[in-house]
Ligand SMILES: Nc1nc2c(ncn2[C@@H]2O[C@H](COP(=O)(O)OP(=O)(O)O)[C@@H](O)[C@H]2O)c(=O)[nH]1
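A single chain comes next, written as structure tokens; it is the form predicted on its own.
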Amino acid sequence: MFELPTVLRADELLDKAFGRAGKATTAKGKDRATRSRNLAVAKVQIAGQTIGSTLRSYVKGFPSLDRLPPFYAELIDVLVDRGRLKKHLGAVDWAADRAEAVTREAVRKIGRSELGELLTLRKAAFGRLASLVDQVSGDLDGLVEARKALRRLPNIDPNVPTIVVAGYPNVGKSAFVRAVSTGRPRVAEYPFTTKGVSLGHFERDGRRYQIIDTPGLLDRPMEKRNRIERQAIAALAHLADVVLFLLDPSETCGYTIDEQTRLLASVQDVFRDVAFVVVENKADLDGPASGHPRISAVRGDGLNEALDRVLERLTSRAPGGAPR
């Protein structure tokens, strides 16, 4: 979803900066003293500018955390903790400012120095720059980990009508998503917490829709979910235009129809303002009917009719009652 810069850890950044500085071996000047002084200035400038500009690129490369759509704001909280990420970015931004200030100060001193002081001043500047980077070493590590997490965010478009598929495990949610997404972009699985979310797309009458399977998130009562799961569900509540709830009357999913019905009531409580369509899957298996339309995601029976019902219920997006 986000194009994020590659973040170097502290030792890698210092290797990059001082390696570039070390490649400067000559400088212009009218005499030996001037050339030596100019070379020392060049080395400090290269090292300092490399550190400052690299750190600044990290701050600019991460998304503005205060202007994210609600879905991504919730999801980033799930994955990395926005408050902590802000702290890391603020520390790195401070270090970029300080690196530039240290460089300016060192350049001024070197420009007024005697020949015998050049090496000492250059080493002192390098030492201060290294110390700055070391001070934000933990913040750079935090950005490295945040980048790994944010790069895995699903590319969900909040402007595209969204169907959330819910139900207990093994009722056929993933099979349904894959079946109705046939011929469209391949369904991709993204880590949401320790679980996964599958995202698929399909078109109907020239309009594009996205459909989300939620394994492991909506399959147990709200009071048994941890904070991260609750936030993940809240994130989905910002997107859902309609919820398609699958029942398995055959109970081959491992849950009774009574348990599935109780889960339906729980999910409806989460998505209070969102339309629901309830269908029975696994029509290819023997099992009692519970009065809802029947489909078979495996054989393809009734899938078009189920989608017709879903699209009829699509209304303008309104977040469900996000769990607190």
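All figures in this text were calculated on a predicted structure; none of them were measured in a lab. Residue indices: 1-based, along the sequence shown.
There is also a form predicted in complex with this ligand; it is not shown, and the following applies to it.
Remark: of stretches 34-42, 47-55, 292-300, 61-69, the one touching this ligand in the predicted complex is 292-300 (heavy atom within 4.5 Å).
Taking a 4.5 Å heavy atom cutoff to this ligand in the predicted complex, the contact residue among T103, Q210, S181, S174 is S174. When this ligand is considered in the predicted complex, only one residue from L285, A27, A275, I257 comes within 4.5 Å through any heavy atom, namely L285. In the predicted complex, Y168 approaches this ligand with a heavy atom inside 4.5 Å. Taking this ligand as positioned in the predicted complex, none of the residues of 85-100 brings a heavy atom within 4.5 Å of it.
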